[in-house]
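In structure tokens, the next block holds one chain alone, the form predicted alone.
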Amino acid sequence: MIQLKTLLNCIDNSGAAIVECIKVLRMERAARVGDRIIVVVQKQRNFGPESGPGGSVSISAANKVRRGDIRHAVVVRTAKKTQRKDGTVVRFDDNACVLINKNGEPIGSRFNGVVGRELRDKQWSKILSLAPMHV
């Protein structure tokens, strides 16, 4: 259950590491897997030694988002237990999301970690195709 002020891990390579939910879109309840939210980037991700001051890749080129940016995101994992139609109960270790643009396309080109199967029901096929595994 993702609501106002919830901190989430960002699992794509957009440059954000930790984001904070500031709005759940199109509903009055907490967000679940597959729901669209608005987030603000709290912490940026470091992309190894080559992105340092003496490296060949600048930090601004590697990171597509910066700290303080407000973006749309899709929830891909929640720590709250959810029951599926087939009776199985699924629970993840953390809350995680993927940053998207206004058109609903992912900002990052790679994802780290699994995503929930509920994304298939909500037509997030682009996210499912980039994810290494869905559970």
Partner chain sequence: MAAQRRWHTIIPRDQLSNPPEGIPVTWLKPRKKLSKIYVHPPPRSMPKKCPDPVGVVTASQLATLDSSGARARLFDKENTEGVRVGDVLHVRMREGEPVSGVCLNIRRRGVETAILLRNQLTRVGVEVWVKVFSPLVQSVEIVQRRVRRARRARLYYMRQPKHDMGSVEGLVRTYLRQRAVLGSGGKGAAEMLGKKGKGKGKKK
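All values reported here derive from a predicted model rather than from experimental measurement. Numbering follows the first chain given and starts at 1.
Just so you know, the form predicted in complex with its partner chain exists too; it's not on screen, but the next bit is about it.
At the 4.5 Å threshold, heavy atoms of V114 reach its partner chain in the predicted complex. The closest non-hydrogen atom of K43 lies beyond 4.5 Å of its partner chain in the predicted complex. Though the partner is left out of this view, G87 does reach within 4.5 Å of its partner chain in the predicted complex, counting heavy atoms only. Using a 4.5 Å cutoff between non-hydrogen atoms, R66 does not count as a contact of its partner chain in the predicted complex. With the partner omitted here, the stretch from 89 to 97, 22 to 30, 67 to 75, 35 to 43 that lies within 4.5 Å of its partner chain by heavy atoms in the predicted complex is 89 to 97. For the residues L7, M1, V135, L130, the 4.5 Å heavy atom test against its partner chain in the predicted complex is passed only by V135. Taking its partner chain as positioned in the predicted complex, none of the residues of 9 to 36 brings a heavy atom within 4.5 Å of it.
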